[in-house]
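Have a look below at one chain only, the form predicted alone, in structure tokens format.
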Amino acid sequence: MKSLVTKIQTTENYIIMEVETEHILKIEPGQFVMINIKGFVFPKPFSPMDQKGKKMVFLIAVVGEMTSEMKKLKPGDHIEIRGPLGTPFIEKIDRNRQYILIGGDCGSAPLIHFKNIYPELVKKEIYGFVTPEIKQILTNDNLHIDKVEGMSPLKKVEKFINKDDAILICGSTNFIKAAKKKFKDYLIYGSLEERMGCGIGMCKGCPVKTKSGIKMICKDGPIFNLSEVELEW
């Protein structure tokens, strides 16, 4: 679907991009869309930070060739969006629990979306970034800056988490691995990130080993109970 960039804010390493789609895409927190821009053959997956009506907002880290080109987009430019894809948080988690949300860098985006839609299921939020750069474009009372606080967000959570708490987490694979190890006795649902080719399980490009066999992160996830997946595979 052709979509229109309506607002874009950038720093050296981050983008916040608002997009208007041709039709309303009802995207639940945790789901993602495949985005492509002019000059690229294959799309990449992004989870919205917010979605209302035809408007979606994305928080994007500038980490490669495509995101470097996305940083150059301007209001009025067109991009291609396909989705929504994946299974949302709300269809996987125990709805009788409240959760500590832990975001790692731009993995914070789907968790901010979750808090906006399901505030009653949230106990506490921490969105971790290494440097204060993100504050130039993102306003949120729960931003955690490693270099300001002198610790990682996982170390901060360790200081207040109670034995009956549960966690929703999204971030890099190494970040999620560290959380799974540190909070091994807790219920944790993670939104896994991976390179995806098709986004619908056809290309078999995003496998993850689970207790019930090999699953595709795009089709069967991206949300998984971390006790069921083997991240060291």
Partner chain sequence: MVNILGFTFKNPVIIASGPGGNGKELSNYIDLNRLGGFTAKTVTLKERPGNPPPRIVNVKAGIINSIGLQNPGIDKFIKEDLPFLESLNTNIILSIGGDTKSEYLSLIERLNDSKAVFFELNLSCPNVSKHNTNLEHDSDAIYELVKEAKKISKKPIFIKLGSNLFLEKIVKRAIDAGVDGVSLINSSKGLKVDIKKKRLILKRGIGGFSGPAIKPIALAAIFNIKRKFKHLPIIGMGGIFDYKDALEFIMIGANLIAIGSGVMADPEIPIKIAHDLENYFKNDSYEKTIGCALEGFYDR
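Numbering follows the first chain given and starts at 1. Bear in mind that the values here come from a model prediction, so they are computed numbers and not experimental data.
Omitted here: the form predicted in complex with the partner chain. The next part is about that form.
When contacts are defined as a non-hydrogen atom within 4.5 Å, all of Val63, Gly197 and Lys204 contact the partner chain in the predicted complex. Heavy atoms within 4.5 Å of the partner chain in the predicted complex map, among the stretches 106 to 114, 159 to 167, 81 to 89, 120 to 128, onto 81 to 89 alone. Of the residues given (Ile223, Met216, Val19, Ile15), Met216 alone sits with a heavy atom within 4.5 Å of the partner chain in the predicted complex. Contact check for Lys44: a non-hydrogen atom falls within 4.5 Å of the partner chain in the predicted complex.
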